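Only one chain is given next, in structure tokens, and it is the form predicted alone.
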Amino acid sequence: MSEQKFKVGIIGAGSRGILSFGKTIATRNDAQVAALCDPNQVRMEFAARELGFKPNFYTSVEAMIAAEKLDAVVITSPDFCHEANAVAALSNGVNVLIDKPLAITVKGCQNIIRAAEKAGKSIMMGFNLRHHAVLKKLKKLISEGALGRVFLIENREFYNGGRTYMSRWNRLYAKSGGLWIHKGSHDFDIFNWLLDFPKPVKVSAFAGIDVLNPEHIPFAVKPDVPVGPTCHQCAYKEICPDVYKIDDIQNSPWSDRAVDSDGYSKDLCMYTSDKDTHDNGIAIVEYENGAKASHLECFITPMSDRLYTVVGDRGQAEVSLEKRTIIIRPRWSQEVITHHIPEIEGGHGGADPLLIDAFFKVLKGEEKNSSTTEHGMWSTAIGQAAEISRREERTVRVAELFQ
């Protein structure tokens, strides 16, 4: 008997939905991408071209679910749509793989959790960093006691590509919940996971748009020659060191024809665009067991890496995802133990295919879901608290969000 083939719909036909999820699912023997849902018809046409076949197109989640007998949906729509899309799928008996964050507020997460419980369907978080080979090795070393009791974690993320958040929808608090949620939810989940999920108690955060603003345009602007509004239209695109080039943009999902459909440009000038998120910041979390963690994210940088320091009462670890190394320094010893983790094929350091594989194993009953909506909620809770802290200039107790 042939293996069951799961029918999957993808909600959000952008780069993440198609390049990271759609193309990988399409290579599997146990699944097929049966439908795409996106309000932009032009974008779906390009998505089908990228996939090499044409799934059925829908511009609303409800229409897709009503017409297709789907086993699962993958949600990669903008973050502010996650709650409504997940609830719609679950309420109609469809399993869900949802890219981080679960939702942009704790209340939104709770609504999704209730819908999943009522439907009795599987919903798994797309925390792909948990599937990164370097972090899986780090988790194993911690679990085996290499560091003893972990009480302090520091993560510094330098992300050159992050500057393009200010060119895209991610730059808007209303659509992303802020970058402490859109971006930081990855990192806050890793803190929670490495620490075995103690409850976060207090959060303080500082952030700002200190570079990617009109006052810091990195070239001389001529009188009567405005900057932007998009990189491909800009009079200064040949001299701007931060130009966001999209190859053959008029033959892409981000063409002027696509913009005419929904008004969304992916390459707005990152200096002059309207924005209310941040281009750098630091967030600090304290947990109920006394452990503390800090997360720095900086998008004004020539490099890209996540650098972790994890300190326990028996040793310390220093981690680079880019170099794929873990250096262990046992306490009371001059010994230095270096682990080099081999490259793995696939997006995000080989993590994306492993995430997708884990989801289908959950659907088949071969594995227990280890990336739950509760985990998604706590990650969002830290991010939401960080956004409040940054904007209201105060320490936020996470319990406030559950009142």
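Counting begins at 1, following the sequence as shown. Values in this document were obtained by computation on a predicted structure and should not be read as measured data.
The form predicted together with a small molecule exists for this protein as well; it is not shown, and the discussion that follows is about that form.
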{"property": "The small molecule in the model of the complex: contacting segment from 166-174, 146-154, 190-198, 218-226, heavy atom within 4.5 Å", "result": "166-174"}
{"property": "Partner-contacting position among His339, His348, Lys361, Arg28 - heavy atom within 4.5 Å of the small molecule in the model of the complex", "result": "His348"}
{"property": "Contact residue in the model of the complex, from Asp71, Asp279, Asp79, Asp267 (heavy atom within 4.5 Å of the small molecule)", "result": "Asp79"}
{"property": "4.5 Å heavy atom contact, Asn40 and the small molecule in the model of the complex", "result": "yes"}
{"property": "Contact of Ile11 with the small molecule in the model of the complex (heavy atom, 4.5 Å)", "result": "yes"}
{"property": "In the model of the complex, Asp262 touching the small molecule (heavy atom, 4.5 Å)", "result": "yes"}
{"property": "4.5 angstroms heavy atom contact with the small molecule in the model of the complex for His186", "result": "yes"}
